[in-house]
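Shown next are two forms of a single protein chain, provided one at a time as structure tokens under the names structure 1 and structure 2.
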Structure 1
Amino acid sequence: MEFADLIKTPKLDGVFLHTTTANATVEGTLCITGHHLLLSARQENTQELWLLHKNIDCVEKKPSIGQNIVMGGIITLKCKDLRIIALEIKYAKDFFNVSASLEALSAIQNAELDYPFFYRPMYSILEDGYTMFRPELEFAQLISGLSMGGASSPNVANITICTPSTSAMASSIPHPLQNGFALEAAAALMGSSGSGSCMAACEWRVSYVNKDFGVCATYGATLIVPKAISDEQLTLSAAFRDGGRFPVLSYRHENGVGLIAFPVIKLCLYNSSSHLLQATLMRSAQPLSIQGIKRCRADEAILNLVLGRSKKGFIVDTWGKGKSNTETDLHYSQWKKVNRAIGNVSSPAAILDSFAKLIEACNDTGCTTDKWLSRLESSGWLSLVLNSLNASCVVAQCLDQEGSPVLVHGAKGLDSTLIVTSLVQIILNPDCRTVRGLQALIEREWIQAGHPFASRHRYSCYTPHQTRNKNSGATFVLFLDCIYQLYTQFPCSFEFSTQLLILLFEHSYFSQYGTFLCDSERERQELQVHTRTTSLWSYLNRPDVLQTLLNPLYEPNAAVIWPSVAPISLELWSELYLRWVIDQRNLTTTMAQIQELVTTEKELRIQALKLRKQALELSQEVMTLINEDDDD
């Protein structure tokens, strides 16, 4: 298929553009290319509108009819970035051509025709985002307790990690490893020399059982599992779990209750057996309820090993009581089942429905206060946010306060499960509150964990309910909103600003980068996404880009950030949801002023120190002169 076939009117003059924020109407020339819609007033100092076709969620046509003939009309483009644009076209033929082209172009299903496969960055890539967060290294750091995605240290060593040759992505790319200890831990994991150098690493291993994605279609090729569990057992457990998603390690938390309350005891315990106060977070899918299969000993073995010496563990079900299958009390006697449903119906489609209602309410700025509050309530979005935070806090508490292992699963383990496991890490682990840490977290817990971005984000909130399919969702948006809530409560504990969250929101829907393409690692390998497209992280980590996404107030905070989960504490993320309908300039100026204040403070400090030194030197000199003078 050629794009040219779909583009019926590549260029059209005299199109009027109406947007909701700027009441002004702009006349300009419309251009349609294979991936973009362009509208330019063709004048100096005027902004051009560039819109990726993939950004278009819904095309609405309203022909204007005069004397029973269509005289042209208005095409309303409702975008996934929540913007609504109206194009007014004078002539009927153009009107139909343009709308048909846009409909066809925005509906292209073939992932290989997506823009990332055509986009070539104009800059050289300093760090390849596709190799930055290799699972082996991330897991090595997770196990060794080193910071994940941490700041780069000056002594960068290059090592090569060889993964099974069948894996296309593991093409022996030299990888910058950030420090020696991680290297050792990684080596320990790989089963080569240096094993035993890290106690914690002994319990876990990297498994390549899923190297050809045969055991689980949605997992990545590299997974971390208890060391004593064989690949055969994993296969058996996979057969027992929905979608083959057997329990895998998500996070290990070290700063358990022992460290805070009894530092001395903690030290002693740490010497004798290092893993005692480390709590493990696992995730999986629900167990299947297949006739005849009552239990799976391999699955039980995994959980028992994870339990280790702890007396009890928690299985947190994010789907809702009675709606998903859960482990039987009989065979998982030491595991306490906790229900923490995200919503009444925790399906991705239900989350998108809620999001759609929220945005509809947000866009109606002319209604009464009562109506707005009632629509905000009935959208249920803030309830979803609250429940997600609540579930995450429960899990984080089990890990941090009780020191117990936790297994989180929803139904398929692709949506609400990932929200909870990733939020827990943001709450507990300060590294996840840095730019790199957040990237690493999203890479581990969303992209490699198989959150189907392509399916979920194919349709967004403006597509009519009946047109969306059941795989559509807004889980990732919900996750970002939850981070936003944490951010509002701890505005100095995050290295990034909310701009990064908004940027992630946009790129997860439409992007020139390949990071959020496809549904799983398997699909990405099939399309060779890693070699044929550029990673979003490669772009974000360029110093000039990164600079714009930093939080001026950031001060590293090693503590656990426990948020308030009272309804009254939640705030609507107006910076994102209302940005096209209500002027958000105040926020921008506020941020700029904060930045200015913080910079001034730093500069003054340096200046004061410099002047002090100078003054002291001069005073010495003056003293000598006075003494000389006195001598005279």
Structure 2
Amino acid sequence: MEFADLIKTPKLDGVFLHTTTANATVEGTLCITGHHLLLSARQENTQELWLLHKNIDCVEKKPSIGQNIVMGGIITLKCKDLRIIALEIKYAKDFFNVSASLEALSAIQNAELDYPFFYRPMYSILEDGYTMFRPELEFAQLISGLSMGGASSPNVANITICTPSTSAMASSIPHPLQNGFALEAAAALMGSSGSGSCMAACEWRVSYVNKDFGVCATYGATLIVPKAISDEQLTLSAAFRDGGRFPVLSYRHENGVGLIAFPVIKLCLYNSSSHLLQATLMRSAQPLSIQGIKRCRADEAILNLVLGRSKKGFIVDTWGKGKSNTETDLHYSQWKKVNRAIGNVSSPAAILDSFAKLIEACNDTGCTTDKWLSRLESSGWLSLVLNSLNASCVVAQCLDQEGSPVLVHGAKGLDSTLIVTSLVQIILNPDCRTVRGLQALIEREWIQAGHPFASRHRYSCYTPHQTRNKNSGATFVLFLDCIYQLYTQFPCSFEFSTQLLILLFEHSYFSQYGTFLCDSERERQELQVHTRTTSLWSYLNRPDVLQTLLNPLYEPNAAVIWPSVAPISLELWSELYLRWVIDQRNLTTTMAQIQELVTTEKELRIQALKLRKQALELSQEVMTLINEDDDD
């Protein structure tokens, strides 16, 4: 298929652009390319439109009829970034041609025709985002550089950075994944100066049981499993779990001192004086409901090994009591079952339904206050946010305060499970509250963990309910909203501003970058995404871009942040949901003023230090002169 076959009118003059954010109407020339819709008045200081077809969620047509003849009409484009744009076209033929072209181009489902495969950046790539968080390189950094510090979070000790070492030590070390036992190599390298708790770290190994994605289609090829568990046992456990998603290590917590997070492996090396209990967070899918199969000894063995010295563990179900299967008390006697559903939802599509009701209420600027508040409540969106935070706090308390291992699952383990395991790490681990730490978290807990971005984000809130397929969802949006709630309660504990969250929201739906393409690592390998497209992380980590995403109020905070989960503590994310409804220029101005004040304060602090130094020097000179006079 050629794009030209779908573009019936590539260029059209005299098109009027109406938007909800601008009172003025712009007349200009409309151009349609294979990936973009452009409208320009070709005049300075006038609004222009650059719109990816992938951003279009819904196309609505309203023909203008005179004397029973179509005289043109208005095409309304409802976008995935929540904008609503109207194009007024004078003539009937052009009206139907443009609307048909936009409907066809926005509905293309062949991933290889998406813009990331055609986009070529006009800047040099300083860092390859696709290799920043690969398990292999992080293991190499662990083994070759024992003294590690996170590049974006100097306040957090022992966090790996994602660049291979070129030291002399590294040249004598075998490949970190040799025989699948990188952790043993790390322990041997540490020798007598290593930690006492390294023995606990070496209870895990790298497994390639899923290297051909035959065991689990949604997991990555490189997984971390208990050392004592064989690949055969992993295969048996996968057959017991929905979609083959057997328990994998997501995070390892030592009461705020250190962590091990997987599948993108971040390991901490503890000193010999550390004897704190290590609590493990794992995630999986629910057990399958198969008649005649009520237990899996291999699956039980995995969880029993994770228990270690703990007397009990917790299995947290995030999907809802009665909606998902859970482990039997008889065969998992040391594991307490806890139900913490994120809401009364029966599928990921129900989360999108709630999101659609929220945006519909936000766009209705003519309703009364009482009606608006009623619609906000009936959408159920803030309840989903509240329940997600509540479930995450429960899991975080089990890890941090009780030191107990936790297994989180819900249905297929692709949605609510990932929300909870990700939020737990943001609450407990200060590195996840930095720019690079958040990128690593999303990479390992969402992208590499197999969240189906392509299926979930094929449709958004403006597509009619009956048109969306059952795989549509807004789970990632819900996760970002939860981060926003944490940000509002701890505004000085996050290195990034909310602008980064908004950018992640947009790029997860439509982008020139390939980071959020496809549903799984298997699909990305088949399409060679890592070699044929550019990573979003490569763009965001450019110094000039990164500077615009930083929080001017950030003060490194190594402590656990415990959010309030009272309903009164929640805020509507107006920067995102109302940004095309309410003018956001005042907010932009305020943030610029805050940045200016912070910069001025830093300059004054530096100046004060210089003056103190000068005053000390002058004081010393005076004392010297006084002493000389006394001697005379």
Partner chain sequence: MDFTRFMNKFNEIERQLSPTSALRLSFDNISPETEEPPDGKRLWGVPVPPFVSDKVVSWIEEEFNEAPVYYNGNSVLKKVENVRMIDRYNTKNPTVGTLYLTATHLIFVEPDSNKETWILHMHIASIEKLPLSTTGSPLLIRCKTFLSVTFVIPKDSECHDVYTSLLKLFQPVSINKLYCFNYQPAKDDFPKNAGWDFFKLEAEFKHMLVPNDNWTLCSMNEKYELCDTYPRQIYVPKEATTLMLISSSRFRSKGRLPALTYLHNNKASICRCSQPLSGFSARCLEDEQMLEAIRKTNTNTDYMYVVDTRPRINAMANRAAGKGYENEAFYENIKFHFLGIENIHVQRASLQKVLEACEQKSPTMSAFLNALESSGWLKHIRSILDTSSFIANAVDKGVSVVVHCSDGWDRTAQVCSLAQLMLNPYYRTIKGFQALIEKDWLAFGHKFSERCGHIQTDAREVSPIFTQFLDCTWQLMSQRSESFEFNERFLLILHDHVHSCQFGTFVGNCEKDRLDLKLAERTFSLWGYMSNHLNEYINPLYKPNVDESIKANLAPQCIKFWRGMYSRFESGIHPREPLGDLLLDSKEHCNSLEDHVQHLTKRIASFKNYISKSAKKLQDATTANPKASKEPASNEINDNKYNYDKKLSELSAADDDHPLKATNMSFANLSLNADQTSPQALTEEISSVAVDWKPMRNVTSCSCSTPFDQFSKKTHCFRCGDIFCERCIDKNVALPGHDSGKAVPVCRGCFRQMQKQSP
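Note that the structure is a prediction, hence the values are computed from the model and not measured. The first residue in the sequence of structure 1 is number 1, and each one after it adds one. Whichever C-alpha set is largest while still superposing within 1.5 Å between the two forms counts as the rigid core.
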Eyeball the pair and call it: which is the form predicted alone?
2
Align both forms on the core first, then report whether Asp13 has a C-alpha shift of 2 Å or more between structures 1 and 2.
no
Here the CA of Arg612, compared between structures 1 and 2 on the core, is shifted in angstrom by 3.9
If I align on the rigid core, how far apart are the two C-alpha positions of Glu621 between structures 1 and 2? Answer in Å.
7.3
